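Here we start with a single chain on its own, the form predicted on its own, put down as structure tokens.
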């Protein structure tokens, strides 16, 4: 029986070794060597001593934080409303449907919407306000990134809200709690695992965005993701690109650990 279980685990282990462990080893190896292939820490020294890279890291955190905040701000009320609607599967399908569309196609669609001759400027023209420069701005980048990533925040929050026993909410009302007290002390704490999963699903990938920064943000939005693309595909400095990649992985791991800490339960009087 154990041999059969080991056999079924073999494809998974091969996948992990070839497409997770091996690339990680290569990236770490390149980051610890110079252009001649000799061991060196000069790439890490350059990263932490040069203000440009520190600025990119801070930009990455700032944009990821904004994208996560707006996703949460929109997704939590939407998920809460979904739990109270009829035909929930239909509405969930509408939430998931945009994820089936290729990311590049969605990016180019927004290029057409936000361009000087796009739908937004045509609408503004009706009120004599256009044309406005929307493309290649922080607003356009954050708006598009938020739109694309919202489904990945709604789904875990919705699943957590659905798992809440309605009897707990009824008991809260019976004890004299109003809606906001029930939300603060019952609904929010019990839905926190979904919020936590949503934050991880949004914040961590947002740290390394690079395609949207180019297509929507232009050269104004510079993050570590765009730096990795630049060093690997343009300057062909794989050692420095790998160094930035390793730092990104470390930052993502730190964020994951911080957002996965167990919350201590405490007694709260309503």
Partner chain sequence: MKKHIWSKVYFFLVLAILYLPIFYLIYFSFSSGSNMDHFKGFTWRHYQTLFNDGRLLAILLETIMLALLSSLIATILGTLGAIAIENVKKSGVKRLLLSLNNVLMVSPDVIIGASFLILFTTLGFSLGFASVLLSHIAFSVPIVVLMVLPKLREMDNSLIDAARDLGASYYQVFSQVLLPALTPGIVSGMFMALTYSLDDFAVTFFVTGNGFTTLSVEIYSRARQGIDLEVNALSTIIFLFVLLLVGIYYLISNQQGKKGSKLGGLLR
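Numbering follows the first chain given and starts at 1. None of these values were measured; they are calculated from a predicted model.
The discussion below concerns the form predicted together with the partner chain, not included here.
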TODO: With heavy atoms only and a cut-off of 4.5 Å, decide whether residue 137 touches the partner chain in the model of the complex.
DONE: no
- [ ] Spell out, yes or no, whether the shortest heavy atom distance between residue 54 and the partner chain in the model of the complex is within 4.5 Å.
- [x] no
- [ ] Answer yes if any heavy atom of residue 133 is within 4.5 Å of a heavy atom of the partner chain in the model of the complex; otherwise answer no.
- [x] no
Open item on the list: Please tell me whether any heavy atom belonging to residue 104 falls inside 4.5 Å of a heavy atom of the partner chain, as the geometry stands in the model of the complex.
Closed with: yes
TODO: Taking the partner chain as it sits in the model of the complex, which residues of 53-70 have a non-hydrogen atom within 4.5 Å of it? Please list them.
DONE: none
